[in-house]
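What follows is one chain in structure tokens, specifically the form predicted alone.
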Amino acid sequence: MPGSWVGGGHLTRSLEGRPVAEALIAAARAAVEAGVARGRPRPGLASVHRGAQTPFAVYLRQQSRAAERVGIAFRTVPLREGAAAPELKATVRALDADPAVHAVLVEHPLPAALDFLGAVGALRPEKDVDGVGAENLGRLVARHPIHAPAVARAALAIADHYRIPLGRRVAVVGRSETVGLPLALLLLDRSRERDATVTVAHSRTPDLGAALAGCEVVFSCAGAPGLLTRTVVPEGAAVIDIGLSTRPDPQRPGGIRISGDADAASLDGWASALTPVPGGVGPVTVARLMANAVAGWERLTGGPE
């Protein structure tokens, strides 16, 4: 059944992201239309990036299309080639001061010299749309963030949509401050209602199979193609693959091949459910980003309708 989950996993169900994304987009669009009808300014989202000739370009186009559907004024802010950390921080500070901008996204990962976290730290938490600044992450630890990272919330939205039980043994494979750790915190927060027991592992965990043993849901954001096979994933587990890696492939549209952390061929018929890559968490992340932008806009312009 599309809206339910059955363990045991002889048939691996594909957890498609499109219906989840469409529901988020529709709700965000309705909120914008209601707010604008009452005289609020249209929400504005600015995306700061290193230019169109990077793998981020695909994500940038997805953002632009989604913002148009929701009714968000979308602005791209490319950094000049060779820009250093002070210039990035000044750009972010200018956007934070701009009353027409209600949400700011800074491309990541960035080279360490550009100090991504320092730049995002220049934003007030309402405009830190991806929830990765120190204040929002600190609020997440305290269980009351203004924004939580869109990728982590997208993964949970898929689990909720397909009714995958999270009050069980759950694993997060990945420990980045922008995805893995926030996701683990969100899952632990849910434990008050669902009693999840959360294991955090990563690509360098010795004997990953032993670490994941007994876990009924596995979220993976390690960025390691082929990491999850039936030798490490417990039989019947549901796998939500957040990993995203690219490599050149002239036979593919755009000249790149996109891969997740899961070896889909190995897990077929072994896992109970699996998100496709692409087509799983990716479109939901973009939609969740729009929902975050609208929530920030509501807070900055007087609260939700």
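Everything numeric in this text was worked out from a predicted model, so none of it was measured. When you see a residue number, it is the position in the sequence shown, counting from 1.
Keep in mind the form predicted together with a small molecule is missing from the figure; the text below concerns it.
Taken together, the three residues Val179, Gly223 and Val281 all come within 4.5 Å of the small molecule in the predicted complex, as judged by their closest heavy atom. Proximity to the small molecule in the predicted complex, taken as heavy atoms within 4.5 Å, picks out 197-205 from the listed stretches 81-89, 162-170, 197-205, 115-123.
Out of the listed residues Leu60, Val32, Leu244, Ala264, Leu244 is the one that sits within 4.5 Å of the small molecule in the predicted complex by at least one heavy atom. Checked against the small molecule in the predicted complex, the candidates Leu212, Leu186, Leu95, Leu227 yield a single residue with a heavy atom inside 4.5 Å, and that residue is Leu227. Using a 4.5 angstroms limit between non-hydrogen atoms, Arg75 is distant from the small molecule in the predicted complex.
Taking non-hydrogen atoms only, Val104 never approaches the small molecule to within 4.5 angstroms in the predicted complex.
Using a 4.5 angstroms threshold between heavy atoms, Asn292 stays clear of the small molecule in the predicted complex. Within 4.5 Å of some heavy atom of the small molecule in the predicted complex lies at least one heavy atom of Val151.
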